[in-house]
Each structure stands twice: as structure tokens, then as C-alpha cells.
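Single chain ahead, written as C-alpha cells, the form predicted alone.
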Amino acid sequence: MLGIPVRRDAATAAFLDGTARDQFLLVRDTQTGTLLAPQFDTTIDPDRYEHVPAAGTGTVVSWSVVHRRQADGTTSRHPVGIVELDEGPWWWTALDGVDPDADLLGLRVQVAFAEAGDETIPYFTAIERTAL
């Protein structure tokens, strides 16, 4: 998985508190009921928005492979993608344990969590392949 630096701030604190509990949180608009992506900034109106747990499953709608040169001169390949969560919002993520040579479009995935310094971050792993 990619080593991603994570910095907590007011806009990410509730989401990162959730990931520390192994919960993937979405943002719900309490006025409309609309579910929004986790990166939506709830600090703009904290009385209107709340964090709610997501199912943690979704479908890969786009993907690519990041190539990284290692210290020993070899290259590692890491699939990354955009997951449409079952609740609707999209999430950009690392895709762990999948073949970087495979066609990942339509792959069903589920959230998992990993330590990244002082924080816990989400990433997704394969469940099964479905046709789109």
C-alpha cells in the first residue's frame, strides 16, 4: 500500500476519529437527508451536518496503477481507484491485494483500515467481481 502522509485538522477530525474505531463515516445533511462524501467540510455549518457510519462496501468505477521506484532501484506497482460507495458518494483510495494487471472496473470492494503514523486510514480490498 502507498505510504500516505495524513494530517489531522478541524475538517478531518471526526472522519479520522471514526477510522480509529474502524468506521468509515459519511456526512449526512440533516435538512435533506442527503449523504455526502467524507471529505465534505462539515465545519462550514456543524449544526446542519452529522457523521454517520457507511456500510463500507462499494464498486470500483475507475482505477489506475501508481509506479514507485524503490530504494533498491526496482519498481513497485500499486492499484488505486475511485470507489462508488453503496450509499452513493465516491471515494479515492488505494486498492490492496488486487492484481495491477487486472481490469478492476466493476470490482466489489470493502473497506479495511491501516495505521499511518498517528492516524488510521481507510483503503479497500476486493470482495468479488460483478458485471456492470
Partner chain sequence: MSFREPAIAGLGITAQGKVYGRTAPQFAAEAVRLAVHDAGLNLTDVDGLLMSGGVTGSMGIHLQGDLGLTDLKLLTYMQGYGSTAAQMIQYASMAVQSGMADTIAVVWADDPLKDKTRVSESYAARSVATGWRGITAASGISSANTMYALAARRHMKKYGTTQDHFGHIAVAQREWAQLNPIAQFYGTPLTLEEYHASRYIAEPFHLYDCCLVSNGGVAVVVTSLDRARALRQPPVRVLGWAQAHPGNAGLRNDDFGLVSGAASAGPRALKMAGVTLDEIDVVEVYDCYTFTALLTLEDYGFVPKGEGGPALSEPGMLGPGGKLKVNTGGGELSAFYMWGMTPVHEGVVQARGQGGDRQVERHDRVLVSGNGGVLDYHSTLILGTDD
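Note that the structure is a prediction, hence the values are computed from the model and not measured. Numbering follows the first chain given and starts at 1.
Beyond the structure shown, there is the form predicted together with the partner chain, which is absent from this document and is the topic of what follows.
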So in the predicted complex, is the partner chain close enough to G56 to count as touching (4.5 Å, heavy atoms)?
no
Do V52 and the partner chain come within 4.5 Å of each other in the predicted complex, heavy atoms counted?
no
Partner contact for D96 in the predicted complex: the partner chain, 4.5 angstroms, heavy atom
no
Find out whether any non-hydrogen atom of D45 is located within 4.5 angstroms of the partner chain in the predicted complex, and reply yes or no.
no
Residues in 60 to 90 that come within 4.5 Å of the partner chain in the predicted complex by at least one heavy atom, in order, are V61, S62, W63, S64, V65, V66, H67, R68, R69, R77, V80, G81, I82, E84, E87, G88, P89, W90
